[in-house]
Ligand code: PLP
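We begin with a single chain expressed as structure tokens, specifically the form predicted alone.
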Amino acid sequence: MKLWLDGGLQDIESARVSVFDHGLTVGDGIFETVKATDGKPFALTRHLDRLTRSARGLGLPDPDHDEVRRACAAVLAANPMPLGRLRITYTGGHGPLGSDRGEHGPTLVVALGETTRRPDSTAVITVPWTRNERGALTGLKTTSYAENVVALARAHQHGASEALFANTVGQLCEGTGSNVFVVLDGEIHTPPVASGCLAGITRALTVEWTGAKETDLPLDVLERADEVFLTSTLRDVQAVHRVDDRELPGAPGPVTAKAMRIFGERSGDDLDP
């Protein structure tokens, strides 16, 4: 396996990032996960645009899109696989052991891991912790992910693959690595970005392609929604068959199944929508 590190391909066994890299010491970094099918990335332009928005939100220099594209192409060519998780990581670079940044410039890593197609439906739980819709990192895809690690571990303890958060005012927000949609009286709704959720790439495409409405929703909407589904880079559109102790028999329901079909067709027709 080969990855891209600071300007070129390197063997995964010998590639090294400084132990003083700010992404390691204080979580000062951003990332994108891109689905790659048979060596072809999906929605790369949208992912790079969000990478830049996240960099600006952290005060990092804008990433060079041409370099990142070259890195992605090189890594994909060097590691052929049917379905891959392409990970772009961009950090504050070598710095001091505190929150101040150094003067060495950012670190860019592009790596690829093999993955498999997700099942058509999954189980989720809600967690007692909240997303802060007014935080400095709200809406940014940063490497400060420990909160998600803790929540996802709880989900796994309960036989689920995802944990869902409310925000500080009790509204439904998002999952650890996914956006959430609910079906009410045949209409698809998802929390707005103002709720504190990440502006997911798959979320945006699903809203565009299905006509889903962005709606402020209380967390307990999950107790009465006719259908629930998740979206993310590697889930695409995935039905939910259980929320906490509530079973949703027959998932995917008809509205979710249609959304899954639309997403599959549209994403297959255009790899960079």
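For every residue, the number given is its place in the sequence shown, counted from 1. Worth saying up front: this structure is predicted, and the values here are computed from it rather than measured.
The form predicted in complex with the ligand exists for this protein as well; it is not shown, and the discussion that follows is about that form.
Colleague: Overlaying the pocket C-alphas and bringing the ligand over as found in the predicted complex, would you call this site open, or blocked by 3+ ligand atoms sitting within 2.4 Å of backbone or C-beta?
Modeller: Open.
Colleague: The ligand isn't shown here, but in the predicted complex which of Thr233, Thr210, Thr52, Thr215 has a heavy atom within 4.5 Å of it?
Modeller: It is Thr233.
Colleague: Under a 4.5 angstroms heavy atom criterion, identify the one residue in Thr91, Thr190, Ser178, Gln171 near the ligand in the predicted complex.
Modeller: By the 4.5 Å criterion, the partner-contacting residue is Ser178.
Colleague: Report the stretch among 92-100, 112-120, 141-149, 73-81 that approaches the ligand in the predicted complex to within 4.5 Å, counting heavy atoms only.
Modeller: That would be stretch 141-149.
Colleague: Hey, in the predicted complex, does Gly200 get a heavy atom within 4.5 angstroms of the ligand?
Modeller: Residue-level check for Gly200: yes, a contact with the ligand.
Colleague: Going by the ligand in the predicted complex, which residues of 91-126 come within 4.5 Å of it through any heavy atom?
Modeller: The stretch does not touch the partner at all.
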